[in-house]
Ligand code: NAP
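Okay, here we've got a single chain as structure tokens, the form predicted alone, with questions on binding and movement later.
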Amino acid sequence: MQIGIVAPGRDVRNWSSAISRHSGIEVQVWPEVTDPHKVELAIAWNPPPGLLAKFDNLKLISSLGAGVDHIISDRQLPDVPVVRIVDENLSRDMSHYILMSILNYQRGTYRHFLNQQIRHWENSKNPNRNLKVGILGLGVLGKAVSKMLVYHGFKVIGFSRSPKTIEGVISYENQEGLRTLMSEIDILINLLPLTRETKGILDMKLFAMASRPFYLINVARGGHLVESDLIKALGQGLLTGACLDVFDEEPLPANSPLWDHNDILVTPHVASITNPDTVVAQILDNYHRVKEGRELINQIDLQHGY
């Protein structure tokens, strides 16, 4: 038995080392997989379409992170279970990133940084202490983020596919609820899974639902955002700005207009990064579970896409 890691463009030496420390199982890293038949567990991130089907003895596919859209979009995906990573460290890091983004917006930090570049002194008004924050997606990450924001005194409104009950959070789960959420918020955070239903959800139609200009934070997937609509909405004053950590094409192309827009903050997909040392045991546990016919942890519903 071998473990195959398929993560084009990523340095996965820390993953190989962590697996060896926890199990001693031999690891092959694509494209240097010498014997695909020996690979029973594939750990993947953005695998090339059709590649996983070449592992003809595969028992389990694990995402290298919390998202799985990059795996299940493969039309030749083998008929084996797919699991994702759920880790309190990911939730903590995501919560910290979002809190940082909100506070930077609330206190005008980015504007002060731009003013520093031109040596312009501009005293800002008192920060808005009554910001209403909307969260699209109340899964593991969304729940953690919403609790953190409630703790810090923000009014939080959530939207999810199914009803959720989170202390201190108003929650909606249908289209009318989404309209209500958009009519009340000052900040919108996207934490939805990327599915057929949610692809391109951050578009002019959604932006136009807002009753006042709002700030957008997208930390889910680049495929949720129609980038041209964002530029258009900023130009029309529908949005006050945006913080973007994920993009439809990564790395973000040098000719993207997002780089040069003063109302957009770009970060390179760093909001929450998986630490192999904290999750390898979880992946190996799932492998043993599938071999023994036991229920898996964090298994994906392929019909729903998460």
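Position 1 is the first residue in the sequence shown; the rest follow in order. What you are looking at is a predicted structure, and each value in this text was computed from that prediction instead of being measured.
This next part talks about the form predicted in complex with this ligand, which is not shown.
Trainee: Select from the listed residues Gly177, Pro78, Gly139, Gly223 the one whose heavy atoms reach within 4.5 Å of this ligand in the model of the complex.
Mentor: Looking at Gly177, Pro78, Gly139, Gly223 one by one, just Gly139 meets the 4.5 Å heavy-atom criterion.
Trainee: Using heavy atoms only and a 4.5 Å cut-off, determine which of Lys147, Arg84, Lys155, Arg111 is in contact with this ligand in the model of the complex.
Mentor: When this ligand is considered in the model of the complex, the option within 4.5 Å is Arg84.
Trainee: Residues Phe207, Arg212 and Ser228 are flagged as a possible site; in the model of the complex, is every one of them within 4.5 Å of this ligand by some non-hydrogen atom?
Mentor: The answer is no; none of Phe207, Arg212 and Ser228 reaches this ligand.
Trainee: Please determine whether Leu191 contacts this ligand in the model of the complex, using a 4.5 Å cut-off between heavy atoms.
Mentor: Close contact exists here: in the model of the complex, Leu191 approaches this ligand to within 4.5 Å, heavy atoms only.
Trainee: Would Gln106 count as a contact of this ligand in the model of the complex, using a 4.5 angstroms cut-off between non-hydrogen atoms?
Mentor: It does not: once this ligand is placed as it appears in the model of the complex, Gln106 has no heavy atom within 4.5 Å of it.
Trainee: Do Val219 and this ligand come within 4.5 Å of each other in the model of the complex, heavy atoms counted?
Mentor: Close contact exists here: in the model of the complex, Val219 approaches this ligand to within 4.5 Å, heavy atoms only.
Trainee: Using a 4.5 angstroms cut-off on non-hydrogen atoms, would Ser95 count as touching this ligand in the model of the complex?
Mentor: Contact with this ligand, no.
Trainee: Using a 4.5 Å heavy atom cut-off, which of 179-187, 157-165, 232-240, 114-122 contacts this ligand in the model of the complex?
Mentor: Contact-bearing stretch, as computed: 157-165.
Trainee: So which residues in 231-258, when you check this ligand in the model of the complex, have a heavy atom no farther than 4.5 Å from it?
Mentor: Residues within 4.5 Å: Asp245, Val246.
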